[in-house]
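What follows is a single chain, given as C-alpha cells, in the form predicted alone.
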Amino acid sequence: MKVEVAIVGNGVAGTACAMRLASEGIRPLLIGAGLPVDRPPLTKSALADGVPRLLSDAARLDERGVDRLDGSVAAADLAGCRLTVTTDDGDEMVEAERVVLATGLAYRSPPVPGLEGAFVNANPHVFDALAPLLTSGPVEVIVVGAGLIGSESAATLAVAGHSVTLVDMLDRPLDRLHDPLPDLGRATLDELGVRFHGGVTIESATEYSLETAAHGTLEADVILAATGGVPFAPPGLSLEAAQLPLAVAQEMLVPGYERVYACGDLVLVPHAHFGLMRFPHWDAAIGTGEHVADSIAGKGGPYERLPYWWSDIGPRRLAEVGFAGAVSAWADEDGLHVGRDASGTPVCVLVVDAPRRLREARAIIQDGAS
C-alpha cells in the first residue's frame, strides 16, 4: 500500500493531524488499533458510566477524507518511510512519502509484584472488564497515584457513590505541581469523601489488596493504577533519536530523518516563546498534531500556540495558561494566580473555578509576550 502520509498512532494528536491534513486536501492513512478514543473522559464521564468516548467513527473519518488501518506497527524503516502493520488479517506493508509518529504515552501499572493485574483506566481497552464492576453498584476502590489522572479518577468515583481510597508515595495529591494546586486538590477530595494516604510504599499486591510498609493491608473490590504514562518509543527509531520525549525541530521533524515528523506526548514541544518544553496534555496534542499537518502542507512556521491545560476534579475546575516551568515567583493578583519569570513578565496564570476568566488569563500572557 502506497500513501502520501502515514500517521502512526490514532490518539488525540494523530487524529488531529489526520483531520487537518484532510482539510488541506491531503488524504492521510491513520494507523492504530480500534477507533480513535478521546482520553480526558477516561477519568471522568467514561469512568462514571463505563463507556469510552470516540474522537471519530469510521464513517466520519471516511467522510472527512481520512483512510484508516486497524492495527499496530510491528516494524519500520523510517529512513525509507516503510512500515509493517500487523492487522487481524495479517501483515500489511505501507510505503509513505512522509511518516508522522503520534504514539503518545504508554500507561502501565507500577513495577510492584502483583500490581500488574490492576486496571489502568487511562487505557480504553480495560473498560470491557472494568465497566461491569463499577456500574453494578457502589464498591470499594483503591486508586494508586494522586497526580491529575489519579485525582480526577478518585473524584469521579466518589461522586458516583463509590468508597474511594487514594494512595501515593508523595505527601499530597498533585504534589508534583506547583502551589496552591496540591492544597486545592486535597481540599476537594476531602469534601468528596476520598480517603487519602500519602507517603505510601507498596510492597506487594493482589487482585483485591495492597501490602504497604506504613499502612498495613489496604483492601478493595477494584484497584486502579493511575500513575501516569511514559512516551512510547515507535518502532524503527535509531538509538540516537530514541531519547524520549523527542526534541523535534520547528516543523516537528525528527532529528536524523528528512521525512519523519512527531507530535503529541511523544515530543518536547518547540515553543517559539518558551523553548523546548514537555507539555503532555490534550490541548498540546491537538496543537502539535495540527502543526505537523500545517508543516506537511507547506504552511509551517514557529509553534506559537499558548500552552493550556485543564482538569476537572469532581466539581472543581482547574485551568492554566502559559508555562509553569518558566515561573520564578507566584502571586495572587485580583483572584488569579499569576506566575512571573525572573524579569517580572507574566508567563503562567492559574484559574480556579472561574472559566469565564480564561480569556483574561490568556490576555495577560499574550500582552507579556508582546
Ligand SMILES: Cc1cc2nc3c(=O)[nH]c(=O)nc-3n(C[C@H](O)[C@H](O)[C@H](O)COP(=O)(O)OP(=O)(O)OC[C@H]3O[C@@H](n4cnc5c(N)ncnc54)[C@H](O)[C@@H]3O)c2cc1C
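Everything numeric in this text was worked out from a predicted model, so none of it was measured. Start at 1 with the first residue shown and count on from there.
Another form, the form predicted together with this ligand, is not on view; read the next lines as being about it.
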Handout entry: Partner contact for Pro255 in the predicted bound form: this ligand, 4.5 angstroms, heavy atom
Key = no
Practice task
Answer for Gly198 alone: is it within 4.5 Å of this ligand in the predicted bound form, judged on heavy atom distances?
Solution key: no
Handout entry: Heavy atom of Ser72 within 4.5 Å of this ligand in the predicted bound form
Key = yes
Handout entry: Partner contact for Trp330 in the predicted bound form: this ligand, 4.5 angstroms, heavy atom
Key = no
Practice task
Just one of 179-187, 217-225, 95-103, 109-117 has residues with a heavy atom within 4.5 Å of this ligand in the predicted bound form, so point it out.
Solution key: 95-103
Problem - Position in contact with this ligand when the complex is considered in the predicted bound form, options Gly325, Pro40, Gly65, Gly50, heavy atoms within 4.5 Å - result: Pro40
Handout entry: Contact assignment for this ligand in the predicted bound form, among Lys44, Arg340, Arg305, Arg60, heavy atom within 4.5 Å
Key = Lys44
Exercise for the section: Decide yes or no: are Arg20, Leu78 and Gly298 jointly within 4.5 Å of this ligand in the predicted bound form, with each residue judged by its heavy atoms? Expected result: no
Problem - Partner contacts in the predicted bound form for 294-316 (non-hydrogen atom within 4.5 angstroms of this ligand) - result: Trp309, Trp310, Ser311
